[in-house]
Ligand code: GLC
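So this first bit is one chain, no partners, the form predicted alone, shown in structure tokens.
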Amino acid sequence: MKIAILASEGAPYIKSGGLGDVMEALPAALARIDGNEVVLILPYYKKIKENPAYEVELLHKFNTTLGWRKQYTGVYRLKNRKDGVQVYFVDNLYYFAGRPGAIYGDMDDGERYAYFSRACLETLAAVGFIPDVIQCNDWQTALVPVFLNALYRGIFPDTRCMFTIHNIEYQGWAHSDFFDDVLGLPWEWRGRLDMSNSVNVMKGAIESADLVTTVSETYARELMYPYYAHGLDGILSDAAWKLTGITNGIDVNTFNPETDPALPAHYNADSFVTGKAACKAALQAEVGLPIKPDVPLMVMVTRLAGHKGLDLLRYIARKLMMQEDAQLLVLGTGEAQFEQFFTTLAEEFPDRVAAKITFNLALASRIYAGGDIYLMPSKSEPCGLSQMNAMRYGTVPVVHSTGGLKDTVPPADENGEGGLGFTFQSYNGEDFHAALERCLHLYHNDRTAFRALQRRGMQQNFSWDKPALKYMELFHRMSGK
């Protein structure tokens, strides 16, 4: 099957979050399936273009129409990827290669990714890759199924399109003039994109794609409710017949405690007791906490944002530090209120709390390995990867039972049996505290049962192989092949 995957970011080339991780692992997993040809198309950002590690060749140069504009498009082929995925970069100095800094956040992001969406279809045509299925991701490529059906059916008569929602909070809103000025679509397509007298490109994708997926089964069900859907619950309810969820995997080769080069000691599910002890001691020393092997180390690697449940941790943190014999380590950057809170908390409890307000992938690996308990009380979580990373390294998760957290962390009882971690149902500080206390009680009072829980987490298969097969089932259903 010929599969084209379109996204605004993808590791190792460039990433800002979970989407980048998915776009590294999913194409590779699909390419490992016999009979598949997989193409990945990404913008040619300045950071990628200036990286000498990526060997490329220029294949095509042409103009892409965007409303009244004729924008240059260069198509570069990556020559040194070895896993069977063919990567193409869409080059445009004005929209991508000439802009330093973050991937997103420019005032014309809507125009930038409208251009990219149309340029992706032009690129596929130029390289002669007529896919059976296009899989596009989040609002940045949400216009692909719209352009495909409105303008490109002559080139792609049988191509089917899947739209995947990684985070519905970001939908691609634009002024109503955007439809004519930027998109230049036939007027009959206006209704698919119109919402509240504005343009909503994610709405357009939901209504235009052949199938809509999300990144976990529970998140797909949650999107039927206003609390989670950020205004699109009615649109998704109408499209429920073509909406489904596939829970993400993780890159088990990168996140592997047996081989991770960032770790001071390596281990597996049979040797984790001594291996994690060495990693914990080294981590405590690295972040300035007392080296105490029998004091539970609670950890978080996260964006410091409200929806990550940090308000709940802030509510219970001081009580937790005064009542429990435990340490807390937080790694991440984000909202100033949370950066300041954790910095202040570390100053108040220097022997119990460490706050690393930075982005450091190697330290993140050492935290997954050296921690005992992983905190993830997210208000909402489409899928989440950190809880799976933590379990892969033998760190027991305590999570809010929502989205992908519910799908990947079945609840254990107070004896540590029957699940993979400790969960709470209602989003409030007291319930989070109670779940955490159950975990701490097991750690202090039945280390054998706690280790059995750690081992079960390490034995889970969180690879992309199973999700890739589920994607293939949907691709076959869409294409009839």
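None of the values given here were measured: they were computed from a predicted structure. Throughout, we count residues from 1 along the sequence that is shown.
Omitted from view is the form predicted in complex with alpha-D-glucopyranose, to which the following refers.
Given that alpha-D-glucopyranose is not shown alongside this chain, does V22 nevertheless sit within 4.5 Å of it in the predicted complex, heavy atom to heavy atom?
Contact with alpha-D-glucopyranose, yes.
Answer for T141 alone: is it within 4.5 Å of alpha-D-glucopyranose in the predicted complex, judged on heavy atom distances?
T141: no contact with alpha-D-glucopyranose in the predicted complex.
Should G18 be counted as a contact of alpha-D-glucopyranose in the predicted complex, where contact means heavy atoms within 4.5 Å?
Yes, G18 sits close enough to alpha-D-glucopyranose in the predicted complex that at least one of its heavy atoms falls within 4.5 Å.
In the predicted complex, V133 touching alpha-D-glucopyranose (heavy atom, 4.5 Å)
Answer no; every heavy atom of V133 is more than 4.5 Å from alpha-D-glucopyranose in the predicted complex.
Going by heavy atom distances of 4.5 angstroms or less, which of S401, Q284, S208, N167 would be at the interface with alpha-D-glucopyranose in the predicted complex?
Result of the distance check: N167.
Single option in V215, I373, C279, L183 placed near alpha-D-glucopyranose in the predicted complex, where near means a heavy atom within 4.5 Å:
So the residue touching alpha-D-glucopyranose in the predicted complex, by this definition, is V215.
Among 198-206, 227-235, 379-387, 120-128, which stretch has residues with heavy atoms no more than 4.5 Å from alpha-D-glucopyranose in the predicted complex?
Only one stretch passes the 4.5 Å heavy-atom test: 379-387.
Does any residue in 281-305 get within 4.5 Å of alpha-D-glucopyranose in the predicted complex, counting heavy atoms only, and if so which ones?
Going through 281-305 in order - heavy atoms within 4.5 Å of alpha-D-glucopyranose in the predicted complex - there is one hit, R303.
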